[in-house]
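This document starts with one chain, in the form predicted alone, laid out as structure tokens.
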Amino acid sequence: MIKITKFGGSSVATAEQFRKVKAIIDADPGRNFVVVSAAGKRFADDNKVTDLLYLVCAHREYHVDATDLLRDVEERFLAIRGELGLAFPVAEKFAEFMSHIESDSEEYIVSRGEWFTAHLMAEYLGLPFVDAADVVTFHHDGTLNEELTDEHIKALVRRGTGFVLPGFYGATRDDEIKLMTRGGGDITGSLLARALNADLYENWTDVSGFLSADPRIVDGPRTIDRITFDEMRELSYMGASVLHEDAIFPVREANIPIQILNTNDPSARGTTIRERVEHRADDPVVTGIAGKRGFLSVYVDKTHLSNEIGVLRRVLAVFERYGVSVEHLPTGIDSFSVVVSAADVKTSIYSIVRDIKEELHPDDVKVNEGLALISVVGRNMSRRPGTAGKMLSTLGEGDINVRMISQSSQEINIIVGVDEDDFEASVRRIYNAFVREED
């Protein structure tokens, strides 16, 4: 059984965390392919190595000496090397790195966090180090060349039986280092899993799976045992994520399950993500609840609106003209609302309203601010009549005004809009009615 194991920054932050990783790898002979992030926070107020390296680049840009920051980064790696008794020449390699730092690209500098971490981990695990620059290939426009990346990975495997690969970066054919978006180490693991047609992609982090609600809002939320890719995408989009959402696509195409596991508690079951989940009688109606503040809606009303052709297209074209992504579009017979992120229209909302008036000549256009959206997700909601009614009743009993409601075409989620002041109370009421009630 081939398992790809990806360890996040918190899992490789210290020598003690390295020991936990080694115990996890040694416990299963299928764990020969390891992807690591750069060393993360050692404690709550600490800095991630990646953040320090970005700060180094900012110092360089403004001609401020970054020596102390670089020494902090070096000390992190020297401490791991010393405590574990490793031989990798951290000081020599870091001196070489610092000697040409004025001419290196920002992406090269930031990628060294993963590079150093992976070198140390490879030696500690007794596995070869493979530089992501030799494997993960980018086009010059910064997009991944997935076909060539697949070829490189398969060629590596034909030559050996396991390795440690740094995540988050790769290179063009001209050896120019390119970074993925933050959290991109998850994508590296996903690409590796697909290329090897792995049986399982294990993503090791500092939580024991995907929680059914934000623990900062709900006390002791249940860990989700099983979830589909569609459900996770819905929850991740609204901010509930322990996995980079772009990491889903490569493994989803190959029908490879992902398991979210806790490096600090490896015996915990975690969360398994699959394309389809077999229905069980004890499955919950609601899989998870997530939400975000910071939205507004533009309400448009016009008599006989439903008789006009192309109205929505023309309005959406206005938002497109200003580069604004539309979140939701609840509609009525003679009215509709366009829900967008308030931050996206901070400087353009009055221009957008003016253009809508010129385009449609509506009876009324209103901007409703202070909106929070809550996504209630569950593959089993379509099987249970009355879910939406129960949700509205639950919120109504809490004297919470629902300003909008929308259901996806897949019928796996219901989105409600409430006043931002009611956001946390709404999440708790929905959780208590649908999740805690079933526990």
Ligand code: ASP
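In this text, residue numbers run from 1 along the sequence as written. In this text, all values refer to a predicted model and were calculated from it rather than measured experimentally.
Unshown form predicted together with ligand ASP; subsequent notes refer to it.
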item	value
In the predicted complex, the one of 48, 31, 390, 60 near ligand ASP [non-hydrogen atom within 4.5 angstroms]	48
Of 291, 270, 250, 184, the one that lies within 4.5 Å of ligand ASP in the predicted complex (heavy atoms)	184
Any non-hydrogen atom of residue 168 within 4.5 angstroms of ligand ASP in the predicted complex	yes
Residue 38: touches ligand ASP in the predicted complex, heavy atom cutoff 4.5 angstroms	yes
Stretch in contact, per heavy atom within 4.5 angstroms of ligand ASP in the predicted complex, of 74 to 82, 310 to 318, 330 to 338, 175 to 183	175 to 183
Any residue of 101 to 119 that, in the predicted complex, places a heavy atom within 4.5 Å of ligand ASP	114
